Structure formats: C-alpha cells, structure tokens
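Below sits a lone chain in structure tokens, taken as the form predicted alone.
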Amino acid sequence: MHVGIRAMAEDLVLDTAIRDWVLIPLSVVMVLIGVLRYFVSMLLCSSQTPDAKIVKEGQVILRARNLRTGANFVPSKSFRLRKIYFCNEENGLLFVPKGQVQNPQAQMFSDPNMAMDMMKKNLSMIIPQTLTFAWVNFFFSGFVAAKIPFPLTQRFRSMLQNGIDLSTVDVSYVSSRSWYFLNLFGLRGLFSLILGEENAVDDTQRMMQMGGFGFDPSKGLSAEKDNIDITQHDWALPYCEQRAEAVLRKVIS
C-alpha cells in the first residue's frame, strides 16, 4: 500500500498550462504588486527632517559595533581607552542614565505625524495583501503549482501544501496558495536588485514593526554597551607571522 502511494506521488506530472496560467502569472503579479507598494508608500509617507539626536545615536552604535568587530586589530591599550570612551559610567557615549530613557510609544503619540506615517505604512501592507490573497484564493485555489527539486520531510507539508487536503501527494509539491506565501516573504532579494538594497520591501520586517511603535535608541545603546563590556581582546598582530608562515607552507606544499 505504501509503495503504491509513493509511486503515485512520484508519477504526478504537472500540466504545462498550470505553469503558464498559474505559476508565472502569480509570480509576476507578486513582483509588480511589491514594486507598486513601494512607490505608493513613498507617495503616502510625508517627508520629515530626521532627528539629529537619533541620527547621532545611530552613528555611535555603528562606531561601537566597528570597534567590537575589529577589536583584535588594535593594541590592548588602545582598545581599553576606546572601551572607556564608549562605556564609561559617567560620560560614556553608550551610557544612558535611567531618567533619560525614552518611551517610543509616548514619542509616537506626542507626534501625530509619526503616528500617521505608521498607519499609512501598515495600510499600504495590509490592503494589498488582503486583496491579493482573496484573488489567489478565488482563482488559483486547489492547484499544485510547482515541485521543489529536493526531498523534504513531512513537517513542511503544512507550509508547502496549504489548500490541498491530499496526504498522498509528496511533500516536495507546492500548492498555489503556498506559492503565494513563498513569494510574499521570499522576494526581498529580488526587490533589492530592482529597487536597491535600502529600498527593498521586507514584509517580515514590516509585520514585526506592526507590533511596536518605532525604534528605541536607548535600548540599542545599552545593548551595544553590554556587548563591548563582554568583548575579550586578543591582539592578532603578534600571531601574524605564524599565520603568514602557515599560509605560505600550504601554498608551497
């Protein structure tokens, strides 16, 4: 019985009409909707002058991160001086007193433009997704649209075969509804090529932002301060000759 089911799953052949009228149109529409959503969101969002304090704190975080990643390429004394410069409890750049901790929710409610921009971004994501999902569910429901070229376990069945109630179909086959979700959350790389890396539409990041009310710089400063405090310094220069010798030995041999 299991052999027959497996043979039936392996012999499943997809009609070329499904490729021409389901797979390709659905993929093209998802790309066009993503590009259209980007330009609509650019038109809806009002141009605001960035807060100088937030920009400064972001630059401090980047400098501290560069110090942490390249700590082993500076002498130990230089690293300690930079560590004190960033993490000093009195006047360190990363130290945030408890009384100066900002509440991003209160900041949003105090600025109506920020709340309006947040609402516009959420609407520009929710409305196209709702309409597109209704369109896919009405016209393309029940189709087996594609096949993954490698085997998968049974845990992927609910993710790849949404809308198909056939346990005999192999897990590597993808339904049209699941193909919609794969395009929805997996096209960021393509959008980064079309729109640029900074302008790529990331639905996963937007959905995570819907649960919050903006970026809290104080948390970023405190987190980077803790990361620098636990960073272990190991100067790489004394071992560069041994590493170069090992590389040359590998090349020669």
Partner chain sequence: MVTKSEETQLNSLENQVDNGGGGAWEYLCLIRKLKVRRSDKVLKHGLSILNDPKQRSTLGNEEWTLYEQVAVAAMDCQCLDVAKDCIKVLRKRFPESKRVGRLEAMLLEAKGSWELAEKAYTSLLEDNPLDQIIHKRRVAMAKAQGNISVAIEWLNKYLETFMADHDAWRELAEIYVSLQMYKQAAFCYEELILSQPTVPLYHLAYADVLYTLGGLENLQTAKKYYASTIDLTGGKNTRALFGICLCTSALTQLTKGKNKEDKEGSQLQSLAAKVLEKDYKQRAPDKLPQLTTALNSLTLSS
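Numbering follows the first chain given and starts at 1. What we label the rigid core is the largest C-alpha set whose atoms superpose within 1.5 Å from one form to the other. The structure displayed is predicted, hence computed values, not measured ones.
The same protein also has a form predicted in complex with the partner chain, omitted here; what follows describes it.
Chemist: Given that the partner chain is left out here, which of 88, 122, 78, 168 has a heavy atom within 4.5 Å of it in the predicted complex?
Modeler: Contact check passes for 78.
Chemist: Looking at 223, 36, 43, 62, which has any heavy atom no more than 4.5 Å from the partner chain in the predicted complex?
Modeler: Selected residue: 62.
Chemist: Evaluate residue 32 for contact with the partner chain in the predicted complex, applying a 4.5 angstroms cut-off between non-hydrogen atoms, and reply yes or no.
Modeler: Output for residue 32 is no: heavy atoms all beyond 4.5 Å of the partner chain.
Chemist: My question is simply whether residue 82 lines the interface with the partner chain in the predicted complex - judged by any non-hydrogen atom within 4.5 Å.
Modeler: Residue 82: contacts the partner chain in the predicted complex.
Chemist: Quick check on residue 67: any heavy atom within 4.5 Å of the partner chain in the predicted complex?
Modeler: Heavy-atom contact with the partner chain at 4.5 Å: present for residue 67.
Chemist: Using 4.5 Å between non-hydrogen atoms, is residue 229 touching the partner chain in the predicted complex?
Modeler: The answer is no: residue 229 has no heavy atom within 4.5 Å of the partner chain.
Chemist: Could you run down 225-248 and flag each residue that has a heavy atom within 4.5 Å of the partner chain in the predicted complex?
Modeler: 235, 237, 238, 240, 241, 243, 244, 245, 247, 248, in sequence order.
Chemist: Please determine whether the C-alpha atom of residue 151 is displaced by 2 Å or more between the shown form and the other one following superposition on the rigid core.
Modeler: Stays below the 2 Å threshold, so no.
Chemist: So with the core overlaid, does the Cα of residue 239 end up 2 Å or more away between the shown form and the other one?
Modeler: For residue 239, whose C-alpha is compared between the shown form and the other one after core superposition, the shift is 2 Å or more.
Chemist: Fitting the rigid core first, would the Cα of residue 71 be found 2 Å or more away between the shown form and the other one?
Modeler: Yes, residue 71 moves 2 Å or more.
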